[in-house]
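As structure tokens, one chain now follows by itself in the form predicted on its own.
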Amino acid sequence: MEKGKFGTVNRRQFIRGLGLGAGLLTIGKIDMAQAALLPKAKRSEKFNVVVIGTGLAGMAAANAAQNAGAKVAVLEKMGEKGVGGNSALAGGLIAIPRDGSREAKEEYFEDFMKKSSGKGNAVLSRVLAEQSLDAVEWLKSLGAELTAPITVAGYRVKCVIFKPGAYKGMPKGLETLRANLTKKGGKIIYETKAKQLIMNEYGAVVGVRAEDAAGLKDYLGDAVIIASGGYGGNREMLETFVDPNADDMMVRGVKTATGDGLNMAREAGAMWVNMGGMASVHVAAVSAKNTAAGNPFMAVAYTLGINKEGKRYVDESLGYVANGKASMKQPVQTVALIFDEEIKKQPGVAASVKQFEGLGIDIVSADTISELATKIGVSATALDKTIADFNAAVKDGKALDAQPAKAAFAYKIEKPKFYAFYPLSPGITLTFGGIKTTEKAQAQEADGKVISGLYASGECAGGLYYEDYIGGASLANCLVMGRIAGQQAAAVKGSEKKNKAKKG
């Protein structure tokens, strides 16, 4: 540690100051240690908690902090018509245990970890298992309307959905949370882009320097919560961290999710986790007519995925993300999901058919397999053989001898009419990499040290999921960890933060 007239400066601040030419400056009575390229802001405003982002994580955090007595400001870089980030485009499913029993919570935890190939964050997965049911009840207390729990196919968990249903309910739910916040005195500041975190001489985060139409303004607080989403809209980050060709994929989410919060946190010393390779992104095969909602995710497990060669290419029972990632490797990255009249009656398939019809996206139909093959642009001979071979392998709801094998939800394709969700191509839904956090949503440095006053929740917090997640798990993360971040941030006081930083 280096001591001088500016007080104690840690190594991170000293190096950043040298590297970027910034030094120590003073705003009011607070000494700021910054690595800023930006000049000093001439305007400032003081709050208890400053939240960055208006998605479900941000709104859960803001409402939780406000309910705990904090004066809250939420910064949103978009205008009022562009609020909500990826949450506004989400299906609206929130994964919960089937009931409040210990057994149900263990099953929830086990299924979450299995879906992430055992490489997800076990500590955070346990938090979701323990708190998601209570968080949903809290959400209802704020006025959000949710459906009765329904089963998530293939897993021992259930989910609730924002009313009136998938995709349609999420914008309404977010609007309810925004209205609840502002009605009680919270402030949402639109068209204001957070540019950097402000840190004091003890290494604690004490605000956000933001830019609006009038220039720079500092939003000071006892704590800052980053809930600004991931980096699915940042082509440079996708190409650098995910795959050299990832920047060519469709972006299903908002193109404004450009990793702003991740970059600010890293400048403050936070570590990024799970940023590397295809395991760090969520991919789905979707219709180009509506990349956000044109995802037949509830149907995938029951259907057969067919590529342009008329062949199967994935175990469809693994779900829509496994299908989406596999579709990237198929000829011209275009696939079909086919099913027959009997399979159409399955609840998940029926729901996806209704979803596509509501969106005005055509579902291909035919009286014969050969006719269906022609309509989806594949060889009738090849598709006939693929279907015949698969049907011969179906036994007791499985097709273990098929190529590739199908471990569950295997039904013969044999009763007209025949249908296909087509054409579908891969698109990035969201990113799994982000800021390393504790179970209390505290941002951490690489050595595990907590950065005092800094919290992160939602998609910008990394490491919870790896490779894939159960449907509804992303919003469960946003809700539970956003609420925790808000509660924790509201409890931080300036003096407490200073003392914690000293001890840290």
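Quick caveat: nothing in here was measured; it's all calculated off a predicted structure. When you see a residue number, it is the position in the sequence shown, counting from 1.
There is another form of this protein, the form predicted together with a small molecule, and it is not shown here; the text below is about that form.
- Using a 4.5 Å cut-off to the small molecule in the predicted bound form, not one of V50, D222 and G453 places a heavy atom inside that distance.
- Note on contacts: among Y155, F390, Y167, Y411, the single residue with a heavy atom within 4.5 Å of the small molecule in the predicted bound form is Y167.
- Proximity to the small molecule in the predicted bound form, defined as a heavy atom within 4.5 Å, singles out one entry of Q333, N234, S317, T192, which is T192.
- Residues of just one listed stretch (422-430, 96-104, 266-274, 121-129) have heavy atoms within 4.5 Å of the small molecule in the predicted bound form: 422-430.
- At the 4.5 Å threshold, heavy atoms of R252 reach the small molecule in the predicted bound form.
- Taking the partner from elsewhere, N63 is found to have every heavy atom lying beyond 4.5 Å of the small molecule in the predicted bound form.
- The small molecule is not drawn, but in the predicted bound form it has a heavy atom within 4.5 Å of A227.
- Although the partner is absent here, L464 lies well away from the small molecule in the predicted bound form, with no heavy atom inside 4.5 Å.
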